[in-house]
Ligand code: HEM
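Below, in structure tokens: the form predicted alone, a single chain.
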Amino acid sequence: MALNRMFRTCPSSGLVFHEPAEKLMRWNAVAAVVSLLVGGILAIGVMLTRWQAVHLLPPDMFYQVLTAHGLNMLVFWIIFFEIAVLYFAASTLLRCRIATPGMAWAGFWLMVLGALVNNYSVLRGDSSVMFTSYAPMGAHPTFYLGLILFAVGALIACFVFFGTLVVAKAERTYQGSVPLVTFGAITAGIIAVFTIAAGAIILIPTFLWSVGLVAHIDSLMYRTVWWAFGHSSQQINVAAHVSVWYAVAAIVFGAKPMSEKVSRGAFLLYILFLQLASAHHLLTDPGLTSNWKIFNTSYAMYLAVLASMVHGLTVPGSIEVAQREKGYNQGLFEWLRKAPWGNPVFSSMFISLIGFGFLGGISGVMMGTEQLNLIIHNTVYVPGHFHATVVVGTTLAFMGLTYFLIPVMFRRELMFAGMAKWQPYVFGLGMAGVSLFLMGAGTLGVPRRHWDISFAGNPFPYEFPGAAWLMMGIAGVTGMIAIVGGAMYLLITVGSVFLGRKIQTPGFQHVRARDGVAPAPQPVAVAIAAHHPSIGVAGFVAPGTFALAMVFLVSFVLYYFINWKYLSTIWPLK
């Protein structure tokens, strides 16, 4: 039976938007930006307190602010935006109607309610348990209830996403395999279902414990299951922002993956092995065997590392091939020098890729090694690492995608275009400084969770070396620079969406699908030929990317060796 559906084709990109899906994407994106705004304001208090020369907040308020900052940034901002990405990857890229929009709205409002309830619980003053909320340290019942409501809403959104894939397949809106970006979103969705299930397994009993219906929560059990939720939620980010990398490469350059089969295989490795990285938070726990720790943090986890290295090679490699096809074929790096560095869509993505690989990737493998983990466990090295992965990697990639979607989806011209050119550099370089100097201070032993590294008033004082104080100070300065970069993004985004000049495009077209077949797809990017005999150097079609990969390899080996050397100096054999 014929179906009446409403679609809009963007004249500049050729993307086809289904009206209900587009509204859901907009609202999820707006909720994400609001969460980022709240988390960014709270970040000021966190940075100015850890900057020892300023030391802004008293301890009770610091832990309250830190708890709210972590949840708004690591959970609410990221997952709201990821739901928008999932709907975009399914409905828009497959040019089909969204499945059960009513259920999608129910999921969205549950997520909003959960975020509000959780923030209320923290800001009321009796739930300052930080992001990890380790039992037996208890929070108010609304703290756990808010997270449960948010997780249920996100789970509904994931099921709507998978249902949309079924609709697209049944109505034959695409030919062959799903696009690689959609495949990456499927990876993120599968990991999300696992993550939310792990969260339910631990948060529901903890909620019952908080209201007195469960007598006891075992702390080791809590930590083990919670990290299957807490760390795996960041693995959703990895799959999502890698998908954004591929999307931006296609949008800006018309690039295709160097080998789509290899890229899909790398995403499959994410599904099978990426969550095992959660184990690096448990390597000092006495209740887990060494066999379990070594297997999870070496043999198995390296397969997830391999997947990230594949993406780190094929994304810039595809850009290089596309650039060389356009004539930028001189030497190793003309393709990179002539890239559109003034386009924030590209610059955000490329800084995200470099920061995630060199800062987040190398440090993640190091801290995932059982012996080396002892150097930096529960030091500020850990937030230094995840600011490199979640902030420089995920957040900056999402910022770049926002600059593309504002004119395409919100149909508004970008305001403050000059500021937008500089924003990725201010935010990316500022946050890279935060990551580097927190990792440096953590290597010198600065604790992760203590608000005062001077330990003033303690009966057993400890004096950190002067370099640790200096690094924490520089981290504070670069953190404030990154906050300025975040404020620039919020000003550009909010100003453009609400005050930007409206782009006049044709309204929604009523499209009657005959026999369940959607209109012919509009190409978004021009395909690059399969063989490239006229480009490259010395038989390599992407020699510049290969050279960058060798720089990465040397950096990784040197850093790994330095940390083993450092371990030998602090743990001598007698």
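Just count from 1 along the sequence shown to find any residue number. On a predicted model such as this, the values are computed, not experimentally measured, just so you know.
There is also a form predicted in complex with the ligand; it is not shown, and the following applies to it.
In the predicted complex, do F386, V390 and R449 all reach within 4.5 Å of the ligand through at least one heavy atom apiece?
Yes, the whole trio is in contact, each within 4.5 Å by some heavy atom.
Listed residue that, although the ligand is not shown, lies within 4.5 Å of it in the predicted complex (heavy atoms), from A188, A104, M431, A397
The residue from A188, A104, M431, A397 that makes the contact is M431.
By the heavy atom within 4.5 Å rule, which residue out of V238, A89, A482, A247 makes contact with the ligand in the predicted complex?
None of the other options qualify; the answer is A482.
Any idea which of 355-363, 180-188, 144-152, 67-75 reaches within 4.5 Å of the ligand in the predicted complex, heavy atoms considered?
Only one stretch passes the 4.5 Å heavy-atom test: 67-75.
Whether F80 contacts the ligand in the predicted complex should be assessed with a 4.5 Å heavy atom distance threshold; does it?
No, no contact at 4.5 Å.
Is L548 close enough to touch the ligand in the predicted complex, meaning at least one heavy atom pair within 4.5 Å?
Contact with the ligand, no.
M130: touches the ligand in the predicted complex, heavy atom cutoff 4.5 angstroms:
Yes, M130 sits close enough to the ligand in the predicted complex that at least one of its heavy atoms falls within 4.5 Å.
Wondering, does V46 line up within 4.5 Å of the ligand in the predicted complex on heavy atoms?
V46: yes, in contact with the ligand in the predicted complex.
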